[in-house]
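Take a look at this one chain, the form predicted on its own, written out in structure tokens.
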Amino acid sequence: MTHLKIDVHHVTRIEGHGNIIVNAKDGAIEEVRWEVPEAPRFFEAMMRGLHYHDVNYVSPRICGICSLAHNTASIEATEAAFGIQPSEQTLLLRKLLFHAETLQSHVLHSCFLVAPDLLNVGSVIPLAESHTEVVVRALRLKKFSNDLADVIVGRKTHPLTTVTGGFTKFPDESALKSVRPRLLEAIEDLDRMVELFKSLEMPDFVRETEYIALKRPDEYAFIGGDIASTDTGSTPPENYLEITNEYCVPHSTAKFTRHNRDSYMVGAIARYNLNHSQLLPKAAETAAQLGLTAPCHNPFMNTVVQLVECVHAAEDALAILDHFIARGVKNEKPIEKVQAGRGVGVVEAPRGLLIHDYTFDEKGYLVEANCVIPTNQNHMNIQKDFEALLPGIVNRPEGEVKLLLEMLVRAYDPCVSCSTH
């Protein structure tokens, strides 16, 4: 008679605190659970009563990794409430800023949090000794991405110059020119990362689920578009409550979500499954090199898709940089307009669909707020993956089972602290 008991408090190499609980006897699974025990944060309540100028600076503090995504979703919600349509230049600069965040976040996840498992070391510390070039390359890519954000908005995180209706200060053209050769170097570094991941083997596990992400007809969507499901099609952003359906469970301080099935997945795989035909040429070639095909139903491949998105982001960032270098950056004044109303901003943060929903009074003060975080939407899908994965590995050694379950959680790149609110 054998008893498998796994009690992980807390999973390492993720943001925040999450637990894995498993009990099985003689191959029969009695209990498997993904728990979120972290104390909740009340950021919607903290923003309530603030003037819209302050909301756009407070909201990025929800997260230090994807603050630019929170800032953009926040501004978009405010603009929707006030009936403001930003200029083409503003939208292009926001997209360039988004690419900077996508790069730095995906590189952090793939190289520092996931690669140690695939290269059989315990963390990035021994990885720096065994695979020094991998860590140095990742640090160089992260520094470039952060410096690009600094050029655009005056800080590497928690931006200063982004406001409702535009920017208070525009990037210097000479600074934009100076980062172009570094972007070309970053693209070369990404090529080396692709070569590395081509040599690594992801766990073989497939579970089909519902995938939800932004979708638009003209490009691989990170900003703008409708909310699309692989099960039910597309709906406008303001209908997000019909999609997310948040609910509470006893073992989690974060809400769970469901739509057409018991769970759905957001993030890189969801974006890829819904938008893969709109990848830029080099990114599409990278996907082929890595053996990636759509639809992808292996959650462990999320990291591989993130690498493809890095190539896409770098490719598009180069085109946007060249646009501004050729045409210059105009010194536009932010569009100012205040009215009572409700607005919804939806973007694709690195970890998936991010929603800010604001209601303002006639003076521009926030009277109601709701934020739906990507990791909230993935919690139940992690649970369902556990339930599908465990029966096939339950008779393996305990250490191997524990590692595979931890790797599965890490594959989602969860931001648990943001999800507990």
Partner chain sequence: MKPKVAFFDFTSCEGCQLEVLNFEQEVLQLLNLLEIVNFRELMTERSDDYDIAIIDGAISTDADVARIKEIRERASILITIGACSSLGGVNCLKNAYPMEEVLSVVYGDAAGYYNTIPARPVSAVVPVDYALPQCPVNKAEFLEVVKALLLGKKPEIPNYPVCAECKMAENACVFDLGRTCLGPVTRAGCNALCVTWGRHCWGCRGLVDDPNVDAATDVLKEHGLTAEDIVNKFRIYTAWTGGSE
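What you see is a predicted model, and the numbers here were worked out from it, not measured in a lab. Positions refer to the first chain, counted from 1.
Note that the form predicted in complex with its partner chain isn't included here; everything after this is about it.
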Which of 198 to 206, 291 to 299, 260 to 268, 106 to 114 lies within 4.5 Å of its partner chain in the predicted bound form, heavy atoms considered? The stretch 106 to 114
In the predicted bound form, the residue from Gln89, Thr230, Gln278, Thr253 that sits within 4.5 Å of its partner chain by heavy atoms:
Thr253
Just one of Glu30, Asp361, Asp54, Asp26 has a heavy atom within 4.5 Å of its partner chain in the predicted bound form. Which one?
Asp54
Please check if Glu44 has a heavy atom lying within 4.5 Å of any heavy atom of its partner chain in the predicted bound form.
yes
Indicate whether Leu50 is a 4.5 Å heavy atom neighbour of its partner chain in the predicted bound form.
yes
Given that its partner chain is not shown alongside this chain, does Asp150 nevertheless sit within 4.5 Å of it in the predicted bound form, heavy atom to heavy atom?
yes
Is Ile125 part of the interface with its partner chain in the predicted bound form - any heavy atom within 4.5 Å?
yes
Residue by residue through 384 to 413, which ones have a non-hydrogen atom no more than 4.5 angstroms from its partner chain in the predicted bound form?
Arg410
